[in-house]
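In structure tokens, one chain follows: the form predicted alone.
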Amino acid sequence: MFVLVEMVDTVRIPPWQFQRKLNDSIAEELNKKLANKVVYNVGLCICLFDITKLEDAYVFPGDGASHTKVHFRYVVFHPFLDEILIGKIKGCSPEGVHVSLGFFHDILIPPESLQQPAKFDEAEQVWVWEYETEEGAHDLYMDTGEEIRFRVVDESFVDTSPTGPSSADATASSEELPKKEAPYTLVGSISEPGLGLLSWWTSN
């Protein structure tokens, strides 16, 4: 679920932080810049693990701050495909079951990846597994807040870096707001034995 990623960045330290230890100032600046941010094709950055190398620091004309090239390792949330995770159901919609891990919320289990047969209850706004038994079908509801075990089957990164306005945007209505996309999403599946709500598989 978590990996260590080697990164390189140039860190700017303002003059009023010169009295502090350089490593402490750099660690603070790196966490300000990266913590809780998604790096494209890398994952969700959590926190600095360690600093492996500091190159020479430079002060440029007209800027009293120091600029140091830093080699470091960062803890990143990036589960591998087919990894089994446990989260909580954040909500349900016709698009599928939305799952949260507490610190990461952009996880979707689409309808075709649910335990089958499944149906969406419009009144309750929940997905239901119609579990077949010898006594007939039992409806097992996927309620909000329930813990769910799922397999990661796909991931998607979207480059959300700001871009300049295009000619098409200039002619569009200023009232139209662009749709906000999540920079990093996971797609899950529970369509196999042992996956789904933990309460389904609890032995008596």
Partner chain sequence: MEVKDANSALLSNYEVFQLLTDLKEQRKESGKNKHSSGQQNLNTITYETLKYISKTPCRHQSPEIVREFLTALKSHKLTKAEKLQLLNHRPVTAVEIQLMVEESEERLTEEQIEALLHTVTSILPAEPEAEQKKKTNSDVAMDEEDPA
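Numbering follows the first chain given and starts at 1. It should be emphasised that the depicted structure is a prediction, and the values quoted were computed from it without experimental measurement.
As for the form predicted together with its partner chain, it is not shown, yet the points below apply to it.
Taking Ala35, Val158, Ala137, Val59 one by one, only a single residue has any non-hydrogen atom within 4.5 Å of its partner chain in the predicted bound form, and it is Ala35. By the 4.5 Å heavy atom rule, the three marked residues Cys45, Leu48 and Lys88 all count as contacting its partner chain in the predicted bound form.
Contact between Asp121 and its partner chain in the predicted bound form is not found at the 4.5 Å heavy atom cutoff. Although the partner is absent from this view, Asn31 contacts its partner chain in the predicted bound form, with a non-hydrogen atom inside 4.5 angstroms.
With a 4.5 Å cutoff on heavy atoms, Leu195 counts as touching its partner chain in the predicted bound form. Although the partner is absent here, Leu108 sits far enough away that none of its heavy atoms falls within 4.5 Å of its partner chain in the predicted bound form. Shown without its partner, the chain has Met1, Phe2, Val3, Leu4, Val5, Glu6, Met7, Val8, Asp9, Arg20 in segment 1-27 as residues with a non-hydrogen atom within 4.5 angstroms of its partner chain in the predicted bound form.
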